[in-house]
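Okay, here we've got a single chain as structure tokens, the form predicted on its own, with questions on binding and movement later.
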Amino acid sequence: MIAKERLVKIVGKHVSDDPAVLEEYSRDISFVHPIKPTYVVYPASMAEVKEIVKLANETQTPLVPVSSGPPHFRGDTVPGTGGAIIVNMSRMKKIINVDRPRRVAMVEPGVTFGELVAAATREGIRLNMPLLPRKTKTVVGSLLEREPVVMPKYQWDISDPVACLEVVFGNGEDFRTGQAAGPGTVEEQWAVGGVQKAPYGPGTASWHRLIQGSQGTIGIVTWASMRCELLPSLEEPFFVGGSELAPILDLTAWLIRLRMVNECFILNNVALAAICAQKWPKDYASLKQSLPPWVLFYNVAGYEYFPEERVKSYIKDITAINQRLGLDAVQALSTVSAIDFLRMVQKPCDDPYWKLRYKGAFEDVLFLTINDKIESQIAAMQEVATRAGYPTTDMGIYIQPIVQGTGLHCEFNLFYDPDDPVEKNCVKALADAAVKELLARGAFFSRPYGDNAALILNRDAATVNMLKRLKNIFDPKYIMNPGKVCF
């Protein structure tokens, strides 16, 4: 165990063993077993992070890296074993670079979406964001978790929009991935016009893939760069509602295949009402009732040159596709305006976070799939929910096309009252049963959390064996977030 004085020598007064602070980090809004950490330490530089990792190796002390503020939902920030130290990166809040000509931004891990959105907007670029991140969510935290982004048109790889990373591995060595690896330092690259935008390398390996999705079990990221997009000068958003999912999926595929739209995703009436309702529970219930079962949202954008002509041309072509599929695009559904909704999804979620508004807690079941399988997977999820006694009319569904529309992120939001043990146990049992059923239906769980991680990963012994071999290289003493993923 590390003495507090040794941590104080590294970060000064920025060490806490306050019981209230430790209690906060011992649990989250998930079903992961609570374990209290020993300290929470707040480094302010990569050098301090290296010293903390070196000390942890010396004393065999587990480290749990955290960048986003509370509330947390997935169990990955709760210690997996006793005696752990939370490495809170929130003091590292520098926006290092925002470059419009190269459409790239670089930030430290404590920078939130709200902070970077404002800085990027001033420069005339924008982020490819996930859907309504909470206000305390950091950009780096989201990038490392491979959270799906709402503009699949600009996503060329599952790791996008990640570009380069600086990381301190569990063995104490610092490393830069992709273009940032060299030659020269980042500052020397800047001096000759270099920009840290290409994620691949050094060499032929894509080292950022090892770090993404690892839940802090490989190392601690101290900055990340990401690809950005130009800020449109004109935008026309639309809703398309329907009682059947199939034609909406068909329309979505055409919109992305022909690269006609920016933001593009599907919500069921439960999720859309949970996002847009103003007063609870009255507005939520009436809004949900007035919305169609499925809603596609998309946004047509024009840029610096001939924006009106571009938008008008796309709308004309999209109208023809809608007519062929028997669908209608509108700029308002019930009391929800498409332009207001667009402004909402282009920034972080207002408090309270939308998934907490209905009952105070939730559990997400999320996976990757393809168009041909998703309808049968939704039907299977509804069957499992019915058997578990969970009302399907309370289940939110979010479908996000990914990587140029070649796949789909599907997410079921299971809302529950955390103070109702019967409801809480029902959702936990449902989530566990759903994972098993969906695996059998071809769902790919690329981001497994909590107890289900072992169930999912152990289906592929070769992958687990390779991950453990890499773990032995980059974190040989297993100090980085032990108990998570397959470690």
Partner chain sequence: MAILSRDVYKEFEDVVGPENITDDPALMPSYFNTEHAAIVLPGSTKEVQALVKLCNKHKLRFRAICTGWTGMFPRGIVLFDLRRMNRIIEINEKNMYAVVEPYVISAELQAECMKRGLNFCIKGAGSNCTALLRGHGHMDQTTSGDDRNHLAIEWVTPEGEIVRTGSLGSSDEWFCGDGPGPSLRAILTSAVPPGVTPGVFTKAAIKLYHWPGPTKFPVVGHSPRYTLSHIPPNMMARYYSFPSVEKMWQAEIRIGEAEIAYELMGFNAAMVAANITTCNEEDEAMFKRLSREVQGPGFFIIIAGNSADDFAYKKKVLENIVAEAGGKSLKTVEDPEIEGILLCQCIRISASIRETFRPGGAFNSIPIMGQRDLTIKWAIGAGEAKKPLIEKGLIVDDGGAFFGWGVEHGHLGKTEIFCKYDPSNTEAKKAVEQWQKEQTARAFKERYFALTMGDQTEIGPALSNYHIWWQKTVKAIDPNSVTTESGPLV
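This structure is a prediction, so every number in the text was calculated from the model and none was measured. Numbering follows the first chain given and starts at 1.
One more form of this protein should be noted, the form predicted in complex with the partner chain, which is absent from this view; the next part is about it.
- Relative to the partner chain in the model of the complex, residues A118, S334 and T393 are all farther than 4.5 Å at every heavy atom.
- Partner contact region in the model of the complex: 101-109, out of 381-389, 291-299, 84-92, 101-109, criterion any non-hydrogen atom within 4.5 Å of the partner chain.
- The partner chain is not drawn, but in the model of the complex it has no heavy atom within 4.5 Å of F73.
- Contact between L467 and the partner chain in the model of the complex is found at the 4.5 Å heavy atom cutoff.
- The closest heavy atom approach of D419 to the partner chain in the model of the complex falls outside 4.5 Å.
- Heavy atoms of F265 never reach within 4.5 Å of the partner chain in the model of the complex, leaving it off the interface.
- Out of the listed residues Q346, T319, S286, Q404, Q404 is the one that sits within 4.5 Å of the partner chain in the model of the complex by at least one heavy atom.
- Site annotation in the model of the complex: the residue of I96, L230, I339, L234 reaching within 4.5 Å of the partner chain with a heavy atom is L230.
- Of all the residues from 127-147, the single one having a non-hydrogen atom no more than 4.5 Å from the partner chain in the model of the complex is R146.
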